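Only one chain is included here, represented as C-alpha cells and corresponding to the form predicted on its own.
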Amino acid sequence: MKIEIAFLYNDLMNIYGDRGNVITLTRRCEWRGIEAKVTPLTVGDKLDPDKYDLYFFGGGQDREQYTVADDLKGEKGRLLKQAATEGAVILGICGGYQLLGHYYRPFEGPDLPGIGALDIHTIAGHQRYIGNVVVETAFGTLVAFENHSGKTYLGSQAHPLGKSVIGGGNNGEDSTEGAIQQNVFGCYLHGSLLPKNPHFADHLLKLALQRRYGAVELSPLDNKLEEAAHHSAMQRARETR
C-alpha cells in the first residue's frame, strides 16, 4: 500500500514541534512496509484533491496566518475543502485548526477567512492557555502541550475531539478540545501530538488508507517508547495542574 501526505505550508505553519507529526506518520507507515510520500505545499503551489490521502496543517503566528489565509482564498481553499468532503483526512493544529474553520477574528484588522471544512470560528482572547494538557477522546487519552490565546467555538456540524481534563481546551469555558467533522480533525495540541499518542496516529492512518483500499487493519508495532513518553507527559501535566 501507499499513502500520499501533503504537508501544508511547512515553511510558514510549523511551530512547537509540529513537524514531528509528519515524521511520526511516515515512520509508522514505513515500519509496516507501507510506502509514505510527503509533499510540501506552500504559497502559490497547486493542490490536487485526488492525489493526497492525508493533509497536515500546523500552527503559526498571526503574520503567517494572514499570508496563508490569503493563499487559501478562492480555488485552492475550495479544492482543500473538496478533498475533505471526498474522504481525505486533514489534521490541523492551532493556526491550521483555526483556518480550517469559517474565520479567525484578531484583536485588530479584518477577519482571516478559513475554508469552512470545520463548522467553527475563532476569536482572539485576552488569556493565554499554556502548559501540558490531557484530553479524553473516543480514540483514547491524548497528551500534548498547548500555547494559544485564540478562543474557538463549535457550530452544530462539528463535534469536539474530546473533553479537556487538564488545560484550557478550545476556549477555557466549555471543557472541549478540538473539533471533528467527517475526516477533518483540528485541535490546539502541540508538542508534537502524534509521537506521544501512537493510537491516534494509527487512527488517522487507517482512515487515510481506507480512502483507496477500503477497510484496513494495521499490523501492531512495539510502542514501548511511545507509551513511556505518553505516561511521562501525563505525569507532568498532573504535577503542574
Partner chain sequence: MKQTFAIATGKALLILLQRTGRGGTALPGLIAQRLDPHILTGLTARLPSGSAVVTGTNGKTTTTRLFSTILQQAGLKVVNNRSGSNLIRGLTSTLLDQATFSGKLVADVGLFEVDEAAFPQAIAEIGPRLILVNNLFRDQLDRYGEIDTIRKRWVASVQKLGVGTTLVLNADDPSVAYLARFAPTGVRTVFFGLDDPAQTLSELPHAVDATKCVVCGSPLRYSAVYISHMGHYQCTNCDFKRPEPDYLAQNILLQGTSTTQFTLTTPAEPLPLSLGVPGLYNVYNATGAAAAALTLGLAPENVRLGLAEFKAAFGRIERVALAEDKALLLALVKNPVGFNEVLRMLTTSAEPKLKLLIIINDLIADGRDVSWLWDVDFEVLAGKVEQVFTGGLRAADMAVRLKYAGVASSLIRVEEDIATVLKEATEHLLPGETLYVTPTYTAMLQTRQILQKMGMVLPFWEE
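Numbering follows the first chain given and starts at 1. Computed from a predicted model, the values in this text were never measured in an experiment.
FYI, the form predicted in complex with the partner chain isn't displayed, but the following is about it.
| Option touching the partner chain, based on a heavy atom within 4.5 Å in the model of the complex, out of Ile123, Val165, Leu79, Ile130 | Spelling it out, the residue with a heavy atom inside the cut-off is Ile130.
| field | Candidate stretches 192-200, 208-216, 46-54, 172-180 - the one whose heavy atoms come within 4.5 Å of the partner chain in the model of the complex | value | Selected stretch: 192-200.
| query | Can any non-hydrogen atom of Lys37 be found within 4.5 angstroms of the partner chain in the model of the complex? | reply | Lys37 lies outside the contact set for the partner chain.
| query | With the partner left out of view, is Asn147 within 4.5 angstroms of the partner chain in the model of the complex by any non-hydrogen atom? | reply | Contact check for Asn147: yes, within 4.5 Å of the partner chain in the model of the complex.
| query | Within 201-236, which residues come within 4.5 Å of the partner chain in the model of the complex, counting heavy atoms only? | reply | In sequence order, Asp222, Leu225, Glu226, Ala228, Ala229, Ser232, Ala233, Arg236 come within 4.5 Å of the partner.
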